Ligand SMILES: Cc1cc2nc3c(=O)[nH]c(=O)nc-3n(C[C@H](O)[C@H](O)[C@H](O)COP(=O)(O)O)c2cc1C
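As a starting point, one isolated chain is supplied in structure tokens, in the form predicted on its own.
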Amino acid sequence: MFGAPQIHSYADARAMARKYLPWMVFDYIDGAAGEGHGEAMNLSALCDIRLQPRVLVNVTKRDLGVTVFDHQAKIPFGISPMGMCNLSRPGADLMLARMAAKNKVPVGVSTVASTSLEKMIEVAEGHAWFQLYFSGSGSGTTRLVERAKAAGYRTLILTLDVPEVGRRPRELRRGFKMPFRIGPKQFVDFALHPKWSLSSLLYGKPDLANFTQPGFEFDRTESRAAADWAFLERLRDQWDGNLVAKGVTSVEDAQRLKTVGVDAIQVSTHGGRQLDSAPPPILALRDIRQALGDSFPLLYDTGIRSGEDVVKAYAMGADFVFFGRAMQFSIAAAGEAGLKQYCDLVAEEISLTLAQLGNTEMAGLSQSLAY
């Protein structure tokens, strides 16, 4: 008995996930818009950021805790909202919720999660933020907001960078659709990945869990183009909790969002899944921080793979950072044990990086450390 596979890096988790997952599911999780140039450019920009080590600083005691809105998180990273996580393994959503509860960090609960928003906030012990898509006329969006409020959510993430769903050729070639459908190509794909297939057969195919109740419907391809500043103002009036605007890379948009009254901006390009020619969000983060000043809350996701990446994002101006597909790959690689391994690995890398930089806490990071 050799025990669970050992994950020592993002590359390890991705490689293990690639062996376990059907091609269709792997390409859905791993894919990006267009040919993937935008995603690659952001990863290159992250890689090229240098961090300045310092010496002869007593860094014996290091604290990874940070404040996120009104609570103290034990570690400086959380989980981005991701649709249909249970495709990676049955129960993946709840694994992420338990991780959030243990570390007191937010788990983003996607509009198209495969576990209901009510169950997610319960298992996460309140450490859950609901992610909202504007869709169609917006009437269904309003009902979801009220449902999230009734379930006890205090933070709402409005995703702004999907006026239309971006073209992701890898998942299109595999015939990926939501709701989940099985055709001849998928049948062969699943037959060649029996461990995943048998597990999924036992638990049943994932559903869009927030749309199983009467009156709640979702079409992934439905246009979201009608969302505008007037809608945001109405949402601000409707939602009395924290409102996060996600998917922002423009300084001008960030400045206007601050004026309208959002409580935080999440700099992101949807994991590189929307516009292949979008600017690297890690560089947009720096520019938006400089434009908005030090006190306005900035969150970040896209391209984060390691503890050093987390530290780089903080040094570029982030107040909190979110992981996306890396979490799904670690679950696909080794289930909940894989998720724990990966989160522990990232936390250890952050702590070691702080020591190299002569810092004892995340709050001590500044843009002077990065170049």
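Just so it is clear, the structure is predicted and the values come from calculations on it, not from any experiment. One-based numbering along the sequence shown.
Here the subject shifts to the form predicted in complex with this ligand, a form of this protein not shown in this document.
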Here the chain is shown alone; which of I29, A33, A334, M316 has a heavy atom within 4.5 Å of this ligand in the predicted complex? I29
Note which of M82, A245, L117, L285 lies within 4.5 Å of this ligand in the predicted complex, where distance is taken over heavy atoms; exactly one does. M82
Counting only non-hydrogen atoms and a 4.5 Å threshold, tell me whether S88, G91 and N210 all contact this ligand in the predicted complex. no
Just to confirm, T155 within 4.5 Å of this ligand in the predicted complex by heavy atoms? no
Find out whether any non-hydrogen atom of K340 is located within 4.5 angstroms of this ligand in the predicted complex, and reply yes or no. no
Indicate whether this ligand has at least one heavy atom within 4.5 Å of a heavy atom of H270 in the predicted complex. yes
Using heavy atoms and a 4.5 Å limit, would one call V68 a contact residue for this ligand in the predicted complex? no
Given that the partner is absent here, state which listed stretch (295-303, 186-194, 69-77, 91-99) has heavy atoms within 4.5 Å of this ligand in the predicted complex. 295-303
Relative to this ligand in the predicted complex, which residues of 104-133 have a heavy atom no more than 4.5 Å away? S110, V112, Q131, Y133
